[in-house]
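Structure 1 and structure 2 below are the same protein chain in two forms, each given by itself as structure tokens.
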Structure 1
């Protein structure tokens, strides 16, 4: 994704097209990898989130906005807090700024993990009775690890940037993990794991935590909310909320998964997600390893393809991110027995 800069005039014009004409300031905001996000303030001091939707990644933003409108209205109808769409003129959209809360890129205490997981669980729970029709499938096969591996293989074969020789260790790591890659996809195909409405991007900076109580006040970044597996949502929480270091930490000795945070996630998630079946419960610990592996595969693919998907800040950024993900997988593998025990204990098994 580009790091393109926007002129003040461009941003003010986008705001005017969305109905806000008295803009005072507009500045880049947040650390998302996909959209271009700005915090905008008007003459009355009202804050907004302005976003340019990344239409290279989301080819049908109308379908996406249709999902978001339905999902947010449903959550609000149940008394929950959600994103509020104030305007949409493709590819720009405007959200009310959620005040009194913030996002974090790295969790600093286990209680935050509990509260974030609980917020994502309640989000899934609230959407379980969303009326038909089925939500639009915004990015098909988004978490399908087998498809992601096919894309990696194609990128390695094409090797458009001549980087393949630099990643032979990572490719070996991938090969050593192919055997289990289809477990959730296959269990969904057989019906053992049900399709649910899921967020699909439950990284920790996609939930706003209350400034004072740290409670999850609203789940945000609803671009990929669509039919999926609850396990992918839990897995991405494990990936991002148990990490001891940033997603792009270069010193791998600092990168590992923290048991205490895993336990807090399990407790917070199970307290809100009463709907899970046995197959889902059995795969909770596995889902953390699988989604972390899958995101690592995606970073590696983007590195090989020349960094066209995720926003990067420097050459090799995606490779650094891939390495942290694979280190996290190793860390979770080393703690596998304990993590599975934590899940069982919290299920009273």
Structure 2
């Protein structure tokens, strides 16, 4: 989300370009960090979501909107609930407002973890038979750990801010984990793990929860929906949903992965993901460690490069984030046996 202030006239004009001319209010909405989002109401009381796409992050919004239109139409054709695109005039887009449901920014109990995992699993399952052609690859190599390591190595070599000497422990941690970094990428290249349609940002606040039942009713924020591995989606759920502390917690004694939440994720995901093959099932527990490691590598890369990608609030913010992710990896490694056992038990093995 940009810091730009939009006038009422600008927002009303954007709505008019999208076919809605009787607007009475438009206010900032939600907690997203990339696009500018507004809740708009017209004279009849109809609500809409208006967004200005951040073309710095998504330089080809036409390709992205093509993906979103195809994905949402396919889900609705199966009777599912999804975002409904009402209009798009670059860089503005308009969605129908989903009523009777809301999002939460933080998981507060294991049941929410179950519901979120189940919603994302059903999302992937619904798209397993999406007709060709292949979806556009919006952010190439987004979760490719080997590619992320190449970028880290380049940033460490360039050392444009003179910070490399401050992160020797973190770089040693990376080196100790390189051996398994390509496991999923290489399995996909060989065909052992198939390419799926994935969301790629599986945080709890990207699931609309029913106001009454709390069941997941729709997956939102589809900007990064594209070809990938189902394991990347599950792994990022493990990273975000099992964390006992914030992503930028400085006190690492508070940072660990919670077994109860991991078990809830496994149960919820397996209840909805009926399409997984044996290789994917075998790597479920591993995927959490891999994606958490990968995100840590991205934070470390940005720190070395001078904080050019992730928004920071203070000097060293990205380094704090990196250390938190690596501590989460250590926690998952310490619980590796138990986490793998949980997966086996839920598979009846």
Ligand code: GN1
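The term rigid core refers to the most C-alpha atoms you can superpose between the two forms while keeping them within 1.5 Å. Predicted model, so just to flag it, every value in this text is computed and none were measured. Numbering follows the first chain given and starts at 1.
Here the chain appears twice, and structure 1 is the form predicted together with this ligand. Superposed on the core, the two forms barely differ at residue 199: its CA moves less than 2 Å between structures 1 and 2.
After superposition on the rigid core, displacement of the C-alpha of residue 334 between structures 1 and 2 stays below 2 Å. Residue 136 is not among the residues whose C-alpha shifts by 2 Å or more between structures 1 and 2 once the rigid core is aligned; its shift stays under 2 Å. The two forms, fitted on their core, place the C-alpha of residue 105 3.9 Å apart, compared between structures 1 and 2.
A C-alpha shift of 4.2 Å is found for residue 212 between structures 1 and 2, based on superposition of the rigid core.
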